[in-house]
Ligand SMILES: Cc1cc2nc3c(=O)[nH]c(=O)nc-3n(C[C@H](O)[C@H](O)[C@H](O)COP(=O)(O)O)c2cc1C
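Single chain ahead, by itself, as structure tokens, in the form predicted on its own.
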Amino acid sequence: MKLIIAFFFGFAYCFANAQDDIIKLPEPKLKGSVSVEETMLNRRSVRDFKSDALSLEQVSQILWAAYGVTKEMNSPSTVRGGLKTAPSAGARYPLEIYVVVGNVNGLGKGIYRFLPEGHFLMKTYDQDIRKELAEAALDQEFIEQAPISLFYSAVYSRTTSKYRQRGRDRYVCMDLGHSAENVCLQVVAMGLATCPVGAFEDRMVRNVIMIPDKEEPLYIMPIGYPVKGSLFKSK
């Protein structure tokens, strides 16, 4: 009897902690005041960020632009909640998106996995790892400077199970480009900036973000307020 009671309380404790690590994001705005044309005109890769904190609402909006659900669907299982803001070959949605948080009001420092279905964040680590991520990215210091970074990985099998080698060679990278460009334009519309980063040591980044073996690291996108004038620096 004691063993049963201990098991019950242990399960309840773990479940409660798991629930504490799931964060419901604010609903995204579906209409803005800046045109698509203006965001394309002003988009630049910025490598100099202010230390100002972002808000949870801003993080929510950026993640929705990256991979938010725009049409809920329960099947097929590959859509994982529904069709999204970014197109995907065969609606296979191979990407996983993490948020590396260093300075966000209302959100603790650490690593969070974005769960598009339901628009949630799930905390996977509770320490600021921006310095380690910058070191893994060939010491690109602006990654440590930015209040957040999006980190993209991919589960290639979601796409290759249907499209085989062509899925690996082309479609997953196309999917990444679609989502990342959404982020580039969304942050400009919000008065923020980013710089997509593909230069990093895969093994080091994998260890820093602690992604599962089935995921392959693809991209880092540090995001924050640009230092005055830096928005107009060319790549």
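A quick note: this is a predicted structure, and the numbers were derived from the prediction, not measured. From 1 onward, residues are counted along the sequence shown.
A second form of this protein, the form predicted in complex with this ligand, is not displayed here; the remarks below concern that form.
The closest heavy atom approach of G32 to this ligand in the predicted complex falls outside 4.5 Å. Using a 4.5 Å cutoff between non-hydrogen atoms, R206 does not count as a contact of this ligand in the predicted complex. Though the partner is left out of this view, A65 does not reach within 4.5 Å of this ligand in the predicted complex, counting heavy atoms only.
Within 4.5 Å of some heavy atom of this ligand in the predicted complex lies at least one heavy atom of V197. Looking at 134-142, 87-95, 105-113, 151-159, the stretch with residues near this ligand in the predicted complex, meaning non-hydrogen atoms within 4.5 angstroms, turns out to be 134-142.
For the options R168, H178, R43, K50, the one in contact with this ligand in the predicted complex, meaning a heavy atom within 4.5 Å, is R43. Heavy atoms closer than or equal to 4.5 Å to this ligand in the predicted complex belong, across 207-221, to one residue only: Y219.
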